[in-house]
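Take a look at this single chain, the form predicted on its own, given in structure tokens.
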């Protein structure tokens, strides 16, 4: 299939044989056959219709912050929702953000406007679309606390709005993950607050992250989900695994639930290290750590 035939069907950029390490926060991943950077929801729908009509596989990603792209790359088309869809509007306390906005950006922007509700999300590199898709969270908060509705592209390639009340959600999971929906906007319900206090809360959250997380090296954030009643990072740390290394992948010495890229790291390095961590935590504490990062592509 000649994927260049896709170019005239979208407003955004269409690129070929693109190393995915440029589009993930881990800086890891083989090449995608075709990468589309859409300008709007209509672009995304057009790409999906093209892929379905021509029996071409497609993958949708956001900021690449919770993603491990395998070393063999990704066949078919990758739709990367990013800077081309990163604007937002505000009407009283309702913030409508396109899915390419990051949580970090929206935490700061809403605080500047004196709107309360996203301060906890400062420093999270996830996109708004990704946050709505998997119910991102931190510090005891989660995205669906503030989500009111989402604009999605459904299985039939139709753009529609769904209310949070029509979705099921829990820890790092939503029904959007099960029905093949693609989030294009999120409607976030905030409340009025004191701008000075909100900005101070954002800075405090960022300070806490800088203190406790290895932000100086590429990572994907938390690698494992927290088991019920405990923290994955604590279990890794008390198992004596901080600093454990496979190739150029290393369990952070600063935070047990981060695996950092020391430079030139491969997905195979990360997968092998994850396996070793899971095996050792299970051996010592009988807990099976479940990965939080999503694995895509081929070995």
Ligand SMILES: Cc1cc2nc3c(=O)[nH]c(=O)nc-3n(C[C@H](O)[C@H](O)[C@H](O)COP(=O)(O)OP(=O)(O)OC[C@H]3O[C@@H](n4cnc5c(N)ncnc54)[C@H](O)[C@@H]3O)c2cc1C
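Numbering follows the first chain given and starts at 1. Fair warning: this is a prediction, and the values are worked out from it, not measured in the lab.
Here the subject shifts to the form predicted in complex with the ligand, a form of this protein not shown in this document.
Task: Heavy atom within 4.5 Å of the ligand in the predicted complex - residue from 32, 47, 270, 67 - done: That would be 67.
Open item on the list: Using a 4.5 Å heavy atom cut-off, which residue among 95, 182, 107, 74 comes into contact with the ligand in the predicted complex?
Closed with: When the ligand is considered in the predicted complex, the option within 4.5 Å is 182.
Task: One stretch from 155-163, 187-195, 205-213, 110-118 that, in the predicted complex, holds residues within 4.5 Å of the ligand by heavy atom - done: Of the options, only 205-213 has residues within 4.5 Å of the partner.
Open item on the list: Using a 4.5 angstroms cut-off on non-hydrogen atoms, would residue 294 count as touching the ligand in the predicted complex?
Closed with: Contact check for residue 294: yes, within 4.5 Å of the ligand in the predicted complex.
Task: Interface membership of residue 146, the ligand in the predicted complex, 4.5 Å heavy atom rule - done: Answer no; every heavy atom of residue 146 is more than 4.5 Å from the ligand in the predicted complex.
Open item on the list: Within 4.5 Å, heavy atoms only: does residue 63 come near the ligand in the predicted complex?
Closed with: Contact check for residue 63: yes, within 4.5 Å of the ligand in the predicted complex.
Open item on the list: At 4.5 Å between heavy atoms, is residue 224 in contact with the ligand in the predicted complex?
Closed with: It does not: once the ligand is placed as it appears in the predicted complex, residue 224 has no heavy atom within 4.5 Å of it.
TODO: May I ask whether 252, 256 and 279 each come within 4.5 Å of the ligand in the predicted complex, counting any non-hydrogen atom?
DONE: No, because 252, 256 and 279 lack any heavy atom that approaches the ligand to within 4.5 Å in the predicted complex.
- [ ] For the heavy atom contacts within 4.5 Å of the ligand in the predicted complex, list the residues of 134-163 involved, in sequence order.
- [x] The stretch touches the partner through 134, 136, 137, 138.
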